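Encoded as structure tokens, the following chain is the form predicted alone, with no partner shown.
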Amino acid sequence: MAQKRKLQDKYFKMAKREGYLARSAYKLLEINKRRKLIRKGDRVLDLGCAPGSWLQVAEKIIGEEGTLVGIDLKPVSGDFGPNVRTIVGDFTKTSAAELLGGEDELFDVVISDMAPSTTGHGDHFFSERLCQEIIDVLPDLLKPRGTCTMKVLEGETFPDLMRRMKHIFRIAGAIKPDACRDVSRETYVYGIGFRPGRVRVSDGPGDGALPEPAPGWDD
């Protein structure tokens, strides 16, 4: 157990040394290194952005030409550039117009490191449902052919989420970054090549996994 803790602590120490607000920065760094979801100049939306480590990573990748918006129930105290905007609020109760900041252009990338309040009983159901809610709003936020990654706790409903991801993205899969704690069930699903015409609002776990595609560019 002590050895396991020691191995996990290296990311905490690295974050302190390299100026990241949390060890979770290394999760996004690995995901992006392996799948190239975020690129220079992209418009990125970070759902559940506190404490701000994913904002730090995304800001470095997109550069001054990109745009970054983060929203969380808690305020973010990090020092960010003028092309980064943060909102204190609940993404499920915030309009797409507010997230887009009055711009007509949708986001190139949506990322989420959100997790529901844990109870120790059925947490993975709540986590998977949160991801489903994100998918439900993607047509109003994410460009066709855009990319997305979300944290989820693996459980019985994980296959339902993956089926839906594979239906609405041209490429979809899951990654467990090295920075995830060994004892954690968290993993990250990702999608590349968003097909908005295939999304319908889900009523619950498993529902909406395989909707009929609407006419559009992806057919």
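All residue numbers are counted from 1 along the displayed sequence. None of these values were measured; they are calculated from a predicted model.
What follows is about the form predicted together with a small molecule, which we do not show.
Colleague: Would R43 count as a contact of the small molecule in the predicted bound form, using a 4.5 angstroms cut-off between non-hydrogen atoms?
Modeller: No - in the predicted bound form, heavy atoms of R43 and the small molecule never come within 4.5 Å of each other.
Colleague: Counting only non-hydrogen atoms and a 4.5 angstroms cut-off, does G191 reach the small molecule in the predicted bound form?
Modeller: The answer is no: G191 has no heavy atom within 4.5 Å of the small molecule.
Colleague: Tell me, yes or no, whether G63 is in contact with the small molecule in the predicted bound form, where a contact means a heavy atom of each within 4.5 Å.
Modeller: G63: no, not in contact with the small molecule in the predicted bound form.
Colleague: Would A115 count as a contact of the small molecule in the predicted bound form, using a 4.5 angstroms cut-off between non-hydrogen atoms?
Modeller: Close contact exists here: in the predicted bound form, A115 approaches the small molecule to within 4.5 Å, heavy atoms only.
Colleague: In the predicted bound form, which of the stretches 164-172, 177-185, 35-43, 22-30 has residues with heavy atoms within 4.5 Å of the small molecule?
Modeller: In short, 22-30.
Colleague: Counting any non-hydrogen atom inside 4.5 Å, which residue from L106, L138, I71, V84 sits next to the small molecule in the predicted bound form?
Modeller: The option sitting close enough to the partner is I71.
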